[in-house]
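Just the one chain here, the form predicted on its own, laid out as structure tokens.
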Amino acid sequence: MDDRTRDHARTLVEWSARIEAGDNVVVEVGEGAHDLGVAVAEQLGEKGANLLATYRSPELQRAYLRAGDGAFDADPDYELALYERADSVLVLKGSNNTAGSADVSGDRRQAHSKARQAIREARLDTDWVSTQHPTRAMAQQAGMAYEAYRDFVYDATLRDWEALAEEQARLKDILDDGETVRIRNEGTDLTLDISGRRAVNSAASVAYDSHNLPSGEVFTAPADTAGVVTFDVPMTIQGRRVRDVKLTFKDGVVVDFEAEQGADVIQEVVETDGGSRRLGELGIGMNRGVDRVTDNILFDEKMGGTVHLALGRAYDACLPEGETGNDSAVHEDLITTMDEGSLLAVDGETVQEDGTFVWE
């Protein structure tokens, strides 16, 4: 086992999930993440935590979704109870085939997702953390040699998270005090209302209301959105390729969309339910260890010099006490590059220009 895999597991258990003795931990192990699963199990054993491991596989999910009649029981009690009684859920992603479920119909996906809403909420109520083990399939999707991809993953993951948290706190303070965000770039002129919302300093730890490892972003939940945004970073959504997406917002709702590739995927997303046409997240990437696009949202949305917006569900951590944010069965991120000629401003004050923050 690569020594960095053990470092990854230690960072996940100690820094990210803050596991303590006696915690009930569900570990969802991806089909290609066996080594990381073993390393995490060792860490949990040393902590005196309780482990229940489950298996994640796109091919297994494909077989199940395609074989049935499309009718799913709503929130089966046995699965709901698992997450209601868990303290933490650690998701170890690691696919052997990134398109393993690409031929599952959108209707079937949506039906299954809608039937798991209470389960999804119970998982999100735990100290959950999602991370990525490097696999050859992911390296291939990124267009990288496997050895180079492993280096990339660990460079992005094994960071000085305390130092990055301090830097990100500067942007969090600006967003917390702000009311309006303006994003301008080629094909983009978007205004977002963030008044009264809280920003999350996503420093890869539940102590910061952050649930991804790696992380390295500051995000919030817009209350309203108007204008046009173009997403120039290609990505894979639900096993299908999406490229050059353009969304038009009016009164907070997507009123028009187009895509050079994958328009049918975007249509499925926005037609999922009443909340899927609204934004649930504005995220600003600050992890300079992510230095290239890899067609993996866990990394790409954290890349310094990018902004991502998510259609669908808003996170409670961004909302004032007692307020309910955008609710949806989906949360699909799309990314735009903040390069030369771009501007990010809060209440008219420049925060980032040409992809560089004013304090850098």
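Everything quoted here is computed from the prediction, not taken from an experiment. Sequential numbering from 1, following the sequence displayed.
The following text describes the form predicted together with another copy of the chain, which does not appear among the structures shown.
- Only one of 218-226, 162-170, 78-86, 196-204 lies within 4.5 Å of another copy of the chain in the predicted bound form by heavy atoms, and it is 78-86.
- Within 4.5 Å of another copy of the chain in the predicted bound form, a heavy atom is found for all three of V25, T54 and S57.
- Checking L311, V29, M303, A329 against another copy of the chain in the predicted bound form, a heavy atom within 4.5 Å turns up for just one residue: V29.
- Note on contacts: among A317, V38, V293, I297, the single residue with a heavy atom within 4.5 Å of another copy of the chain in the predicted bound form is V38.
- Though the partner is left out of this view, D73 does reach within 4.5 Å of another copy of the chain in the predicted bound form, counting heavy atoms only.
- Using a 4.5 angstroms limit between non-hydrogen atoms, L44 touches another copy of the chain in the predicted bound form.
- For A49, a non-hydrogen atom is located within 4.5 Å of another copy of the chain in the predicted bound form, even though that partner is not displayed.
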